[in-house]
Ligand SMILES: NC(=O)c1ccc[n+]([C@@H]2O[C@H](COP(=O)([O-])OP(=O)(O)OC[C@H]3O[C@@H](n4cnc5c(N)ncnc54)[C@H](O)[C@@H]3O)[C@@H](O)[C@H]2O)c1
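Quick setup: one chain, the form predicted alone, written in structure tokens, and binding and motion questions come after.
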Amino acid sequence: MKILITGGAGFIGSNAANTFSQQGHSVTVIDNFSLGVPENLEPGILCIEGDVRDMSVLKKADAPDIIIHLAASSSSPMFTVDLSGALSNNILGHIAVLEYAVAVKAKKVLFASTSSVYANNPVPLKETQEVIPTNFYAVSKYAQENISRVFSALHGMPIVAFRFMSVYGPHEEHKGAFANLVSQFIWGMEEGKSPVIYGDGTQTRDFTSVHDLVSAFELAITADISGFEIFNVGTSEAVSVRDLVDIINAEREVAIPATFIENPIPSGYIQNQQADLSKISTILGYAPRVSLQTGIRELITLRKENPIRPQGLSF
């Protein structure tokens, strides 16, 4: 198949691009390199530099069978820095990609939504829950979902939204302070820094390996989907941030204590995150395969072999 991945030089995009290329698919990547680097990509992947809001950039790609749309402002702090730019990136960029998909008669579009749309709904989080986003990042992703729902109905195109849980894995160094807590804690603890935890550390996250996320993409590509669908992607396990530090210490065979501070986020902070995977398991046959311990061990080993300095830390 011919697969186009927007944001494909970034963290999730590059892991997907490399996997599909290794499987023998023809992979093209579009990236403006704001959150990605070409070095993340393996040889043989065509990389087009540009912004997906520019249709002339999209048209440089050979008409794909499948589009995986990951180009986005991908965390809430980015919207604090540039609200209008981040909203434009996510909403106008999404519309451009969908219009391009129709123009080239793509068979299916997959895209990144987020579990942040659930805010502090009771866990486990289910796709059937009512959602009221509490930050601009979640608002933009919920807008993408609703635009896709209407777009799919109008054009008869299968479109799949994935509500990612807390995704971590290789190739996050370029994200710096925007990277997942798993990666940031590992980077800081490598330097002997005490990981900073908001509150008492009992808040939980469904830490999900990017490898499991890519497997969800694979399943969705081959699944018989005719309209618009939303799927949670996670592990269905809730791990406290306090326990995350203990696991990293155990894997690194050190004992660096955490530093606990008052939560600086005044409202909308997500206390608990845990995916209900009933829908994606039933329809796509998805099951997570990478435990948090295994994923952390992989990152620690990779960084020993290739100690890329991260762009920065949030603590």
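Here the structure is a predicted model, which means the values were calculated and not measured. Note that residue numbering follows the sequence shown and begins at 1.
Below: the form predicted in complex with the ligand, not depicted.
Looking at 100-108, 187-195, 173-181, 125-133, which stretch has residues with any non-hydrogen atom within 4.5 Å of the ligand in the predicted bound form?
After filtering at 4.5 Å, what remains is 173-181.
In the predicted bound form, is there a heavy atom of the ligand that lies within 4.5 Å of any heavy atom of Leu284, even though the partner is absent here?
Looking in the predicted bound form, residue contacts with the ligand do not include Leu284, since no heavy atom lies within 4.5 Å.
Is it the case that Gly50, even though its partner is missing from this view, gets within 4.5 Å of the ligand in the predicted bound form, heavy atoms only?
Yes - in the predicted bound form, heavy atoms of Gly50 and the ligand come within 4.5 Å of each other.
Given that the partner is absent here, does Ser113 sit within 4.5 Å of the ligand in the predicted bound form, heavy atoms only?
Yes, Ser113 is a contact residue.
Is there a heavy atom of Gly36 lying 4.5 Å or less from a heavy atom of the ligand in the predicted bound form?
It does: once the ligand is placed as it appears in the predicted bound form, Gly36 has a heavy atom within 4.5 Å of it.
Pick from Thr235, Ser166, Ser148, Ser215: which has a non-hydrogen atom within 4.5 Å of the ligand in the predicted bound form?
For this set of options, the contacting one is Ser166.
What residues, if any, in 277-305 have a non-hydrogen atom within 4.5 angstroms of the ligand in the predicted bound form?
Result: empty, none.
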